[in-house]
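So this first bit is one chain, no partners, the form predicted alone, shown in structure tokens.
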């Protein structure tokens, strides 16, 4: 579904954030990307959407990531940003959901119906007419996920989806992720979230792949985690 082939990236005048990174992600897989701050987690997600000028090759669903394929690739990939304030830019929640659908050719009525269905599915239909600036952090995160799901992506990228959430909203996010039968790639520091949502995890350090395997094999390896500036999940301490 996604293939990175010897991918490197650096901002002008800086050291590489990604260095010779290669990875294959299968269709329907739930993959977590973990690593310390600055390891390159968010960079990996951004590169899938063609937002960065990388060296190397990336293939998404058989299409090479290049300018002529970007529009088709971006129809298949949904990206939930770490900061929902950067994703929710319309006055009301329903407006944000409808915006993308209308841009892809849906009529106003079709877009509204589809948006209401997605909000209902996520249990946040009551937020439809709420102004974005009045949403709590958890509500805004759920609404941001709804805007992506409304587009029916085949691949979903999520950057720190549980950041700053209270326990109730964190559990709601976990349940939502587990209910989605699509390919999911989650970049996060929340190792307990990884235990609850993912089957496979990769560990990166300074842009290089350090470990790749089953979640429990990697997240129970204290020495491996500590060597890469991470700690065991709270539930395993």
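All of these numbers come straight from a predicted model, not from anything done at the bench. Numbering follows the first chain given and starts at 1.
The same protein also has a form predicted in complex with a small molecule, omitted here; what follows describes it.
Proximity to the small molecule in the predicted bound form holds for none of 84, 146 and 175, with the criterion being a heavy atom within 4.5 Å. Listed stretches are 36-44, 23-31, 58-66, 175-183; the contact stretch with the small molecule in the predicted bound form is 36-44, by a heavy atom cutoff of 4.5 Å. Interface membership of residue 208, defined by any non-hydrogen atom within 4.5 Å of the small molecule in the predicted bound form, is ruled out. Residue 218 falls outside the set of residues with a heavy atom inside 4.5 Å of the small molecule in the predicted bound form. Although the partner is absent here, residue 226 sits far enough away that none of its heavy atoms falls within 4.5 Å of the small molecule in the predicted bound form. Among heavy atoms of residue 200, none comes within 4.5 Å of the small molecule in the predicted bound form.
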